[in-house]
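Read on for two forms of one protein chain; each stands alone as C-alpha cells, with the labels structure 1 and structure 2.
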Structure 1
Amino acid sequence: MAARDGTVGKALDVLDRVAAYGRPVRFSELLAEGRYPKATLYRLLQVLTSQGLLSHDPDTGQYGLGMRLVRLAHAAWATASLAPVARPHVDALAARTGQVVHLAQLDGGQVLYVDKVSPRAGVEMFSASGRIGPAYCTGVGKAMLAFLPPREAEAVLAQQSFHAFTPATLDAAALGADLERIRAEGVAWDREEHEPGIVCVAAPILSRGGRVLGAVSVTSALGRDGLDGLAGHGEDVRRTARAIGEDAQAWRFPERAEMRIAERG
C-alpha cells in the first residue's frame, strides 16, 4: 500500500504499525522494522502527530494513538458500521440464546468486529469490538466469504494467510468445499478453527440485492454448550441476519452512495 499510495499510504501504514503494538512505541522500535529510512520515518511521524492522529510523549519519547482517532472512530461507528442499526437485533439474539453474539464486517481481507454482546459471564476469547481477525477461519468471516461475488471473493481469499491456528483450521482446498456448503445451508460454522474450545454458528447479512453487508454469529465454548447446543440457534441466527439486512436497507448505508455514483456516471 505504501509504495502504491505515496505519502498518504506510507503515513497510514505507520499509523497501522503504531496501533498494532497495542501500547506506546519508541521511534527506535519502528525504525528497527526496516520499512522506512530514518529521515522518512521521522517525517511521517511528525505529520501524523501534527494532525492529531498520533500523540508524542516528550518525556518518554514514545508515540501512541491520538485523540483525533477517537473522534473519527465514533463517527465511523455511527455512520459506516452496521452496529447502530443492528444493535437491537444483536441484544435480542443474545437475550434469547444466552450466548455471546458478534456483529462483524469485512475490512479488506480481514474481519472487523463492530459489536459484541455478552449476556452472561463469558469465556475468554479473541474477539472484541474494534478488533480484526482472519476471514478464512472465523464463522462470521466464512459466512461473508461464501456470499461475495466471485471476483471479490477471489481477491479476499488471495489475502488470507491460511495459518493453522488450531488442528481444525481449514486449508484453502477444504475452505472452498466449506464455502459451497455454507451457500447451500445459509449458515457457517467455526469448529475450533480459530481458537481451541471456541465454536460458533454465523449467518451473512445481505442487502435485498444480495450484497454482503456483514455477518452475525452466536458463539460458545465446547465445555459450556458445544456444537450440538449451538445447532438449535442456527435458524434464529439466520432470522436475525435477515432482520438486520432489512433494517439496513432503509438506513443510510454505503450501498446508497454507490447507487448515486453509478447514476451520475
Structure 2
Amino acid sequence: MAARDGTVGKALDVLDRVAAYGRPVRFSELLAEGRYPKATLYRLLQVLTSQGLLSHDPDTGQYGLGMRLVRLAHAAWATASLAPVARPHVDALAARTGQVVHLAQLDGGQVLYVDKVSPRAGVEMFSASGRIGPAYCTGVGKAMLAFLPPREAEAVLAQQSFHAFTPATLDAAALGADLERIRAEGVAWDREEHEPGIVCVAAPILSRGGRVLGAVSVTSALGRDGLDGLAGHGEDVRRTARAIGEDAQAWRFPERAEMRIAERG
C-alpha cells in the first residue's frame, strides 16, 4: 500500500487517505495521522487541489475528492474496463435468468465491480461501478483467484483478511480446496459466504492466452430462487463469460500476427 514512488506516490497516498474518510476532511485531521510534516502535507494538498483531484471548500476549510476523478474514471471505465464490451452479454444474461448480474475485475487484491444489471431496474450506475469487495468470499473473486497464475494467486491470497462475514465464510484452507474445485468445474459458487441469504454463481473471463480478465456472476436471494435455481444457470454463466472473453480479445487486440506486417508507420 505504502509504495514509495517519490513525490507522486506521496500525493496519491494523501489522495487515498482523503478518499478513505468517505467525507470531507480537515487539514488537521490529515496532519494528525502523523504521516507527513505540516508544510509537506500542506503543499501536497495544494497541488492536488490545484489539479482538481481534491476540492477545497474555503468556508469550512475541508478537503473532498475532486470531480476530475470522475472525468478520468469515465475514460478508464469506457476504454480499459470490460464493461462496454460485456454489456450486451451481461444484459442478455440478466434477462434470461431474471437475476442480478455483476461484472467484476481484480484491482490490487480486491474485487472491483465494474458493472451491475438487475432485470427489473435495468442497468445500475456509478453507485455500483467502482465498489469494491473481498476476493476470498465472493463468487467473482473466487472465480478470478482460481485461474490466476500461481505466483500472482499467492500474492493476492496473502492480502486477504479472511474475515468471517458469515458462518459459511471459508478460511484459507477451505478456500484452497474450493479453488481446486473451481478450476475443475469452471464455475465458482458463493453459498452465503459474504452475506447471509445471498448466493451466487460466477465464472471467470479469460483471454485466449488464459489470462484472467474478470468475472461475471448471477446473484440470488435464498428462498426466492434457492441454490437449486441458480445451479441451472451455471452453464449459462460459463458460456457468457467465454463469450465476453472472446469479444474482449477481438476488441482490445484486433489480431496479432498478420496485422503486424501490414502495420508500418
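Note that the structure is predicted; figures quoted are calculated from it, not measured. Rigid core here is just the name for the largest C-alpha set that superposes within 1.5 Å across the two forms. The first residue in the sequence of structure 1 is number 1, and each one after it adds one.
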Original post:
Since only one of the two is the form predicted on its own, can you say which one?
Top reply: 1
Subject >> C-alpha of Arg208 moved at least 2 Å between structures 1 and 2 on rigid core >> reply: no
Subject >> Threshold 2 Å Cα movement between structures 1 and 2 for Asp236, core superposed >> reply: no
Original post:
For Leu30, is the C-alpha shift between structures 1 and 2 2 Å or more after core superposition?
Top reply: yes
